[in-house]
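The chain below stands alone, shown as structure tokens; this is the form predicted on its own.
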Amino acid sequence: MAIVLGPNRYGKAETRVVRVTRAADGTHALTDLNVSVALSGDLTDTHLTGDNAHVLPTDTQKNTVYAFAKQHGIASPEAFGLLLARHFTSSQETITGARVDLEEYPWNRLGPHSFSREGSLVRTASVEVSGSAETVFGGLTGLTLLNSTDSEFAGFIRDDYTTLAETSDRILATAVDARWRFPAVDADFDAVFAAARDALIDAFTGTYSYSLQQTLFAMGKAVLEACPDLSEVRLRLPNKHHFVVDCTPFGLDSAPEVFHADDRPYGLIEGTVVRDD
């Protein structure tokens, strides 16, 4: 039985690049990205014999990120990822596939050239180019949301190991990880991001929740309704549990007003919402 090389790729991970665009009136715009590149292609020799003739150094990939940020600017994470992936696959004969994953850290404007970081929210994008095939995903992570009521959980399976009590009123909290797919690569990526983010927030706050699964579907459905450019939404929702603290031993009433936020273990709800066509 022969032992052979399987699928492989390599690249430069987590190149941080901050691009400042200076307008004529002295106003600055700031884009803050974390860029990871992974290349594939005719790379058998470097694995089997150490011959690097077909290898584009990862340091070159890092330099390309900086050079392209200078030459082309950063219109959006998705557009910048497409520029890089197309460059790597078209400029090197031995490189036939490129994947570029990007994270954008939002900054709020405080003045013409002053900014503050916007909490834990991170915009994400992932671009893959292989020959003439191009795939673009947008998304976000770290969108932390909480409803202090309008959530219950009851009617679930009970077996010998079930101790969880049913509840008709609970805190529902999560940190949304969402990823959406563009069927075409010429979309208005910034407009889609803004619409999708707002749809996620509106659906979470506007849904009376009987389960986090129900909320997940409502959020994904809202994104597809708000964004006709998208074909699917993948959601990952950790259930950030909040347990009522019993204050009656202290001579206080039992109204559920004080909670313990428990970070682990936690429920994890994942699902994909797609158009049926």
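So that there is no doubt, residue numbering starts at 1 and follows the sequence shown. It should be emphasised that the depicted structure is a prediction, and the values quoted were computed from it without experimental measurement. The term rigid core refers to the most C-alpha atoms you can superpose between the two forms while keeping them within 1.5 Å.
A second form of this protein, the form predicted in complex with a further copy of the same chain, is not displayed here; the remarks below concern that form.
Not one of 83, 96 and 184 is positioned with any heavy atom within 4.5 Å of a further copy of the same chain in the predicted complex. Under a 4.5 angstroms non-hydrogen atom cutoff, a further copy of the same chain in the predicted complex lacks residue 179 among its neighbouring residues. Proximity of residue 90 to a further copy of the same chain in the predicted complex: non-hydrogen atoms within 4.5 Å are absent; the residue sits far from the partner. At the 4.5 Å threshold, heavy atoms of residue 133 stay clear of a further copy of the same chain in the predicted complex, well away from it. a further copy of the same chain is not drawn, but in the predicted complex it has a heavy atom within 4.5 Å of residue 148.
Residues are counted as partner-facing when one of their heavy atoms sits within 4.5 Å of a further copy of the same chain in the predicted complex; in 205-242 these are 205, 210, 211, 213, 214, 216, 217, 221, 224, 225, 241, 242, in sequence order.
Relative to the superposed rigid core, the position of the CA of residue 243 differs between this form and the one not shown by less than 2 Å.
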